[in-house]
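Read the single chain below, which is given as structure tokens and is the form predicted alone.
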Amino acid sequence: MAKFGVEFVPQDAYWKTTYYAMLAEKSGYDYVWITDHFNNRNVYTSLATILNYTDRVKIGPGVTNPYVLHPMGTAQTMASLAEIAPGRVVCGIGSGDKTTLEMANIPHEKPLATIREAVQIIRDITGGKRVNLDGSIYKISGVKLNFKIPQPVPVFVGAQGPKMLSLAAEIGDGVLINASNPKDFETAFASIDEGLAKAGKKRSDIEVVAATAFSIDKDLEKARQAAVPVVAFIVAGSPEPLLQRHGISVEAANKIKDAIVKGDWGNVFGQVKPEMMEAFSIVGTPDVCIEKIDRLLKMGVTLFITGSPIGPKIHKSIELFSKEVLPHFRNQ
């Protein structure tokens, strides 16, 4: 049976994000993911608070990166959270946003090697091992936690490009893909299968995660308007091959990017075309969302995440999703 998660950006007061997480658990979601950006509230503080007010749902950063925080620190934090709620904590990690890292003058170097070693460090340390690693990125001598948790924290690797997708499947417990369109998953599965073959694994050994820009409402136009700002930023930051896959010109993307830099929000949102919405989001009424989710699940996605904005009103959209979308998949 397919699993479902929801992603929250901790830009609101901690109590509001916690309330949304409590509502998501009550509504039947399996996972709650909290994004990790330096300009929002701390992801791990948010996760710890959520754990104290929930009983079942699994939680994790969606996703952190090994450049801002050393993976040894990430491992310590994940293990501490897992001690609070055994079996309910997962770690989502990716190579990070290059633009954001540049703002802090943090080099974004050798992402494949960095992720490979970071995942090993997190898995070994949370597994109670004494870690000695003479890697190309990290040098660690005899690091070990002085407390134990029942099992290593599962690691989901965020990936988009073919090499990272392959690596994620090879070393991860899950591959977390920021995409919503079948075209992107057709391409992704070829790389995923390559990575699985390297590790001698099967698709059933990992979760394949679709982390989508998502917006649901009974009013189609309200759902669309809520997602326009998110899609604008996705288009502006997408590499040329991805734009080409969806028939979107670099010129159109650059116009949106330039308007964002200028803060010309009216022009930003006016430049978002229907083909961009179709390429980079799942938006619509419950029936439309069911159809589009079902298509991804049939392709091999095992965990579907409703990401920002979720809908015009987050709490109402969570309730609508739980009442009119989740039952369709739970009853299959």
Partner chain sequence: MVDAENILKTLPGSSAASLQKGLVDTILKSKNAQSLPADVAKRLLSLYHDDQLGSQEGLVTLLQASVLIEQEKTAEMLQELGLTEAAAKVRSGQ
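This one's a predicted model, so the numbers in the text were calculated from it and none came from an experiment. Residue numbers count along the first chain shown, from 1.
Not on display, but discussed next: the form predicted together with the partner chain.
Peer 1: On the criterion of a non-hydrogen atom at 4.5 angstroms or closer, are V228, S281 and E291 all touching the partner chain in the predicted bound form?
Peer 2: Not a single residue of the candidate spot has a heavy atom within 4.5 Å of the partner chain in the predicted bound form.
Peer 1: According to a 4.5 angstroms non-hydrogen atom cut-off, is D55 in contact with the partner chain in the predicted bound form?
Peer 2: Although the partner chain is absent here, D55 would touch it in the predicted bound form, with heavy atoms inside 4.5 Å.
Peer 1: Is M22 close enough to touch the partner chain in the predicted bound form, meaning at least one heavy atom pair within 4.5 Å?
Peer 2: Yes - in the predicted bound form, heavy atoms of M22 and the partner chain come within 4.5 Å of each other.
Peer 1: Is R41 a contact residue for the partner chain in the predicted bound form, using a 4.5 Å heavy atom cut-off?
Peer 2: The answer is yes: R41 has a heavy atom within 4.5 Å of the partner chain.
Peer 1: Going by a heavy atom distance of 4.5 Å, is H37 a contact of the partner chain in the predicted bound form?
Peer 2: Flag for H37 set to no.
Peer 1: Going through 263-277 from first to last, which residues have a non-hydrogen atom within 4.5 Å of the partner chain in the predicted bound form?
Peer 2: Going through 263-277 in order - heavy atoms within 4.5 Å of the partner chain in the predicted bound form - there are no hits.
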